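A single chain, nothing else alongside it, follows as structure tokens in the form predicted alone.
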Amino acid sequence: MISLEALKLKLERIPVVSGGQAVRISLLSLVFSFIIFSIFLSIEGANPIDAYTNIFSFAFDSNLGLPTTLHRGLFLLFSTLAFIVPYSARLWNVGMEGQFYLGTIGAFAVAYSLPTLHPALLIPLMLLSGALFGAGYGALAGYLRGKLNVNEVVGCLMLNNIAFWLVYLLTVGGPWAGIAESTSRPLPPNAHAPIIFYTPFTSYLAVGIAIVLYIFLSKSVLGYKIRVLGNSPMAAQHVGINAPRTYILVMTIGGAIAGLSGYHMWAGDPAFLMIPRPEAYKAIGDLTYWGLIIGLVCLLNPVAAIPTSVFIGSIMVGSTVLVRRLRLPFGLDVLFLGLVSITFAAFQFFYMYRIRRMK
């Protein structure tokens, strides 16, 4: 216990945070980020209430931003789930970016090799190939950590860089190069993801995976072993849990989920239907790191990650109106996302401690 005598306050360690407490902390951090951003909006001469009304009315309008909100939000869900499974064993999977790139390669390789195949066969094969490519890349990071004791953060970051240049070599003057400069050939029409209620069917796949993972991690024997390893490696070793094998397993699962997002992103958005220029697919790859923030905020709860991912997606999509509608300076949308991420991270403190006033 740490006493702050001057302020008559004390910090108390919280052994376990309940779901209700986690929700309250997350909402408080969100309110705090909105207050800070409102100050910036006021400095720029904008009415904060008007700005927020425009942001969310655009993001959730079915005729405007809703399809993109759902698409981007569920893309973040794939990344979040790819982080949650390894981190349950206390492995930091920061390789979702590279696994997403490898999933892209796997899915597009099938589409370009079998362009005339019926969609009922082609699309499942693309998903399977994307998942396998991503799983292989995740398994490699897990092997480096489990068998060779290579720090998973270092290993994943190096693999991310390799994956980026693999896509580059295929699309920029490579065998997949298209007519437009530095982009790939378009996907064949039968490879496009079917749209169901404003969003590609892979969005519902992501939700289904989240529910399955929740049951797997909380109810199954293997899920229990993963959590034991994450909470206490010494206890796991004592009861005979094979740590290297488990590390490879969780990274493989995480990689497979991230690999699926390659198809979801490029085949599910009519604005793409190809691999775009390197700076564009790198920008999408950078979004995968939101999986870390969302996963930690949701306390590794895959189901709680569903609405959180969609909400963050709505901010990403809706905040673009700050420039287009309200004529505010470019970059405020990025600032808003940055404030949300920083406050979410800062409020992680309250998952571990509570502040009480001394009598």
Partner chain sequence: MWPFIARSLEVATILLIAAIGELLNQRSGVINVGIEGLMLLGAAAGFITASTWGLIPAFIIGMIIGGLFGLIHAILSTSLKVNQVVSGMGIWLFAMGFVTYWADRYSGPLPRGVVSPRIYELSPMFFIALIIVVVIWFVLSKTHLGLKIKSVGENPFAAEVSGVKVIRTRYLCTVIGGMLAGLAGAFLSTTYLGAWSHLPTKGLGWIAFALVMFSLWRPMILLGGALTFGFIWQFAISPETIYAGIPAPLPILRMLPFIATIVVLVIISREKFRKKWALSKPEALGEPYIKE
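Numbering follows the first chain given and starts at 1. Small disclaimer: the values here were computed from a predicted structure and weren't measured.
There is another form of the same protein, the form predicted together with its partner chain; it is not shown, and what comes next is about it.
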Which among 249-257, 227-235, 282-290, 107-115 is in contact with its partner chain in the model of the complex, heavy atoms within 4.5 angstroms?
-> 282-290
is_contact(Leu148, its partner chain) in the model of the complex, heavy atom dist at most 4.5 Å = yes
Its partner chain contact in the model of the complex: Ile162, any heavy atom under 4.5 Å = yes
Its partner chain contact at Glu44 in the model of the complex, heavy atom, 4.5 Å | yes
Any chance Val334 has a heavy atom within 4.5 Å of its partner chain in the model of the complex?
-> yes
Are all three residues Phe40, Val94 and Gln348 in contact with its partner chain in the model of the complex, where contact means a non-hydrogen atom within 4.5 Å?
-> yes
Heavy atom within 4.5 Å of its partner chain in the model of the complex, from candidates Leu144, Ile241, Leu122, Leu273, belongs to Leu144
Within 336-356, the residues having any heavy atom within 4.5 Å of its partner chain in the model of the complex are Gly338, Leu339, Ser341, Ile342, Ala345, Ala346, Gln348, Phe349, Met352, Tyr353
